[in-house]
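Quick heads-up: it's one chain on its own, the form predicted alone, in structure tokens.
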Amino acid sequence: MSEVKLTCIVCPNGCELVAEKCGDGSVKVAGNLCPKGVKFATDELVRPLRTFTGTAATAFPDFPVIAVKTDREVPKEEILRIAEYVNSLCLTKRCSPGDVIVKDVLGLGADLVVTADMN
């Protein structure tokens, strides 16, 4: 694998990292000012995670869609699958921020929660 350039987002330093995945599965990282950069780059190359954010349809004309997100990070490669699932939803109950609308969405260990107030 060739080198990958990343900007670390873990601390305020914003280090410009150069990372490379080696044949033995290890990751070489350069440019980090703290150990957090090594973990960030390794995670990005080995198993990148993201928080899903989107909107779900509702049955209420005064609030046709509502913002939702996962309550924890999920594998990046599952984001599209979650989006397709969320597009199939239509909420029929008014919700408040933090309300869980789908527990363990798609078996990924993250709950889908509302981030806006419909009340």
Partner chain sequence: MNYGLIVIGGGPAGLKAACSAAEKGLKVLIIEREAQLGGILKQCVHDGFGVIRFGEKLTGPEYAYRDITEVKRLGIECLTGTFVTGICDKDGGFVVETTSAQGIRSDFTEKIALATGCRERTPRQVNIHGTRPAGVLAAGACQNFVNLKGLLPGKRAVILGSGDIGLIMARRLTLEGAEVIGVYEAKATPSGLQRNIRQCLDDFGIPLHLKTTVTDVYGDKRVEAVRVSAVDDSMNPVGEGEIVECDLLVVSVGLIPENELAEKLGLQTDPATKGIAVDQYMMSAGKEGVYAVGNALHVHDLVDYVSEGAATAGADAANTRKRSLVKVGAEGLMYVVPQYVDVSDANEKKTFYMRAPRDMAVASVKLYADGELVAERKLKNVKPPEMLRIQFKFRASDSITLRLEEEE
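Positions refer to the first chain, counted from 1. On a predicted model such as this, the values are computed, not experimentally measured, just so you know. Definition used throughout: the rigid core is the maximal C-alpha set that superposes within 1.5 Å between two forms.
What comes next is about the form predicted in complex with its partner chain, which is not displayed.
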- prompt: Looking at the partner-bound form in the model of the complex, is Pro35 within 4.5 Å of its partner chain by any heavy atom?
  reply: no
| said: Contact with its partner chain in the model of the complex for Ser26, defined as at least one heavy atom pair within 4.5 Å: yes or no? | reply: no
Worksheet item: Using 4.5 Å between non-hydrogen atoms, is Leu106 touching its partner chain in the model of the complex?
Response: no
- Quick one: is Ile101 in contact with its partner chain in the model of the complex, heavy atoms, 4.5 Å cut-off? no
Restricting to 48-74, the residues within 4.5 Å of its partner chain in the model of the complex through any heavy atom are Arg50, Thr51, Phe52, Thr53, Gly54, Thr55, Phe63, Pro64, Val65, Ala67, Lys69
| query | When the two forms are laid on each other by their rigid core, does Val10 show a Cα shift of 2 Å or more between the shown form and the other one? | reply | yes
>> Please state whether Arg81 has a C-alpha shift of 2 Å or more between the shown form and the other one, with the rigid core used for the fit.
In response: no
